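Here you get one chain, nothing else, as structure tokens; it is the form predicted on its own.
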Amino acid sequence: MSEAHVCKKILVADDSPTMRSLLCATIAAIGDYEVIEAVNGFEALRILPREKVDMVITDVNMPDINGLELVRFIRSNLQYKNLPLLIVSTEGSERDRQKGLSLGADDYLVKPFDPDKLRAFIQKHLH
């Protein structure tokens, strides 16, 4: 009996509908992934316990709970500490990048992001 194909789930947290749809379209072009969208960090935190996600992609500047707070929460929680985490942000300085990485993000892409870099990150972590 063949094993049912299980689609990997990627949680995308970004308050910009345009950026969420761009990220979703890029992810859809890469392969068979289910994308769960969150309009901010607070919604992402509500989704995490309800959905078994395989990766989180987050913006930094969001209302309520920002992306850095989301990264900090995920990395401090044993249940999620090994979840691949990518920050995609307009904050492009080296200082911003270092802060995101030091909080535990696996990588940091600057908007407008390079679809090939996003593809490489996803394929590396969800092979």
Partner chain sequence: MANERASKEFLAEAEEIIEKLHLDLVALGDCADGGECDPELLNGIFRGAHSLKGISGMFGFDDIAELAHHLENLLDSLRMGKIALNAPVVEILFGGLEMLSRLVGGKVDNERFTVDLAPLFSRIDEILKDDDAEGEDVWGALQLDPEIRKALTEYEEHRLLENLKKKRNILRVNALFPLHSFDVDLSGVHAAIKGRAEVISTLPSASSEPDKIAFQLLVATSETADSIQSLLKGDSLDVEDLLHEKAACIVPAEIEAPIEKEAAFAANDAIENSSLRSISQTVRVDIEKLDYLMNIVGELVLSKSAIADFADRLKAEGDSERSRDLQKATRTLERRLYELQKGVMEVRMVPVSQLFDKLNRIVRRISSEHGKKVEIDIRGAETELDKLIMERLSDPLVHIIRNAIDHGIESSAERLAAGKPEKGTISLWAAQKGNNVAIEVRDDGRGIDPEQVRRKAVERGLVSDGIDLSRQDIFDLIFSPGFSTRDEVSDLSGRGVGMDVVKSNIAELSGMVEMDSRVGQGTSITITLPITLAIIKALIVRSRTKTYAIPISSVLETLMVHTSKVRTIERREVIDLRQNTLPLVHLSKVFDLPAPSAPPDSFFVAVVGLAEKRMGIVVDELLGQQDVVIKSLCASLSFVKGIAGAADLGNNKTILVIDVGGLMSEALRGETALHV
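Keep in mind that what you see is a predicted model, and the values were worked out from it rather than measured. Residue numbers count along the first chain shown, from 1.
One more form of this protein should be noted, the form predicted in complex with the partner chain, which is absent from this view; the next part is about it.
> Exactly one residue in 53, 86, 62, 38 has a non-hydrogen atom within 4.5 Å of the partner chain in the predicted complex; which is it?
By the 4.5 Å heavy-atom cutoff, the listed residue in contact is 62.
> Is residue 109 close enough to the partner chain in the predicted complex to count, meaning some heavy atom within 4.5 Å?
Output for residue 109 is no: heavy atoms all beyond 4.5 Å of the partner chain.
> Is residue 82 near the partner chain? Define near as a heavy atom within 4.5 Å, in the predicted complex.
Taking the distances in the predicted complex, the answer for residue 82 is no, it never comes within 4.5 Å of the partner chain.
> Quick one: does residue 97 come within 4.5 Å of the partner chain in the predicted complex, counting heavy atoms only?
Answer no; every heavy atom of residue 97 is more than 4.5 Å from the partner chain in the predicted complex.
> Taking the partner chain as it sits in the predicted complex, is residue 42 near enough to touch it, meaning that at least one heavy atom pair lies within 4.5 angstroms?
Taking the distances in the predicted complex, the answer for residue 42 is yes, it comes within 4.5 Å of the partner chain.
> Tell me whether 68, 73 and 103, taken together, all sit within 4.5 Å of the partner chain in the predicted complex, counting heavy atoms only.
Contact check passed for all of 68, 73 and 103.
> Pull the contact list for 16-31: residues with a heavy atom within 4.5 Å of the partner chain in the predicted complex, in sequence order.
The stretch 16-31, when checked against the partner chain in the predicted complex, contributes 16, 17, 18, 19, 21, 22, 26 at the 4.5 Å heavy-atom cut-off.
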